[in-house]
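Before any questions on binding or motion, here is one chain by itself as structure tokens, the form predicted alone.
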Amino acid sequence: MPNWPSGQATANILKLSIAKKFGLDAEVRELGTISAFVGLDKGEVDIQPEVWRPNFEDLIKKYVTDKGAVVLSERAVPAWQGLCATPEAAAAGLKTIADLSDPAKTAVLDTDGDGRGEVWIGAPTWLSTGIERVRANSYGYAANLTLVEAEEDVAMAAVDAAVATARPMVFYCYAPHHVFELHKLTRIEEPPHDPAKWKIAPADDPLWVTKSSAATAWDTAHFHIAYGAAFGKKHPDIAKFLEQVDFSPEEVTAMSYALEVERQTPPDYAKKWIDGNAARVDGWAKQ
């Protein structure tokens, strides 16, 4: 189970669905994606419910393509990631990636009086957070902005407070996500993704952030369920089930909203979801 809302909800939906349809109990354990892939390789983890691409391409190449130890489901949920501005930040002229390198414009993002604006770039354990740091260095706005790492629930509370008090804020954002349901946000404009400018070093290198460069937008994103190849051979019926799971972006947004806004726990949400989608789960489990 990842440490973001939709991944937490999906992990528990899969756990309860597998128990209901196949009589197999699963332990839900919170792990970062890198640790999860190591566990999948060793047979200590069987399923990871939400693997983002292109974020984890190096892991996918190593464990899926080269070693064949992990399988990615064919189905994927389309996604997006980048930077967002609250209405007040956009009104203050923070609309493009170039605007973030203008100290005169980013001064409105300064909340602690040190003369530098702040931008939340993600949770400390997310690989995307390191990539956002690379992008800030490559584009140049790291020179005049403080890059803040904090857990997502803390950052989303800060977004709520910023909007409520009409304070400008710019932050890392991704979709599907409930924040777009709550607030009228503007996506910071960037030039289209250019593969030639996206040079991300392998994340197992301790210096990967300083060795990388990415003065370009993220590539088109999507995420998949991953499962261990050995697990799939031992339980081909469950592997086929995992290949049939087909959440929509709207459903993923609803998961995020339920956990972060309504404060439902992942297990409680999963039980309600399965009770309300029994025919759907039955369809996934048809062999």
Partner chain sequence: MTMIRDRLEAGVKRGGRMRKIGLIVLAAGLCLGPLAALAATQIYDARTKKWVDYDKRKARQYFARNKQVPEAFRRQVVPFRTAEPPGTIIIDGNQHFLYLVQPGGQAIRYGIGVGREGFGWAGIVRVGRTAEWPTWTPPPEMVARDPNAAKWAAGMPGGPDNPLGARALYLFEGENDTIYRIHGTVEPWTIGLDVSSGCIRMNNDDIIDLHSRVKIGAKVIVLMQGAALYKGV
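This one's a predicted model, so the numbers in the text were calculated from it and none came from an experiment. Numbering follows the first chain given and starts at 1.
Note that the form predicted together with its partner chain isn't included here; everything after this is about it.
The candidate spot formed by 61, 186 and 251 is out of contact with its partner chain in the model of the complex: none of the three has a heavy atom within 4.5 Å. Under a 4.5 angstroms non-hydrogen atom cutoff, its partner chain in the model of the complex lacks residue 272 among its neighbouring residues.
Shown alone here, residue 210 lies farther than 4.5 Å from its partner chain in the model of the complex, counting heavy atoms only. For the chain shown alone, residue 161 is a contact residue for its partner chain in the model of the complex, at least one non-hydrogen atom being within 4.5 angstroms. Using a 4.5 angstroms limit between non-hydrogen atoms, residue 194 is distant from its partner chain in the model of the complex. Segments offered: 109 to 117, 67 to 75, 88 to 96, 134 to 142. Contacting its partner chain in the model of the complex at heavy atom distances within 4.5 Å is 109 to 117.
Interface residue among 28, 261, 38, 230, judged by heavy atoms within 4.5 Å of its partner chain in the model of the complex: 261. Of the residues in 151 to 174, those that come within 4.5 Å of its partner chain in the model of the complex through at least one heavy atom are, in sequence order, 151, 152, 153, 154, 157, 158, 160, 161, 162, 164, 165, 167, 168, 169, 170, 172, 174.
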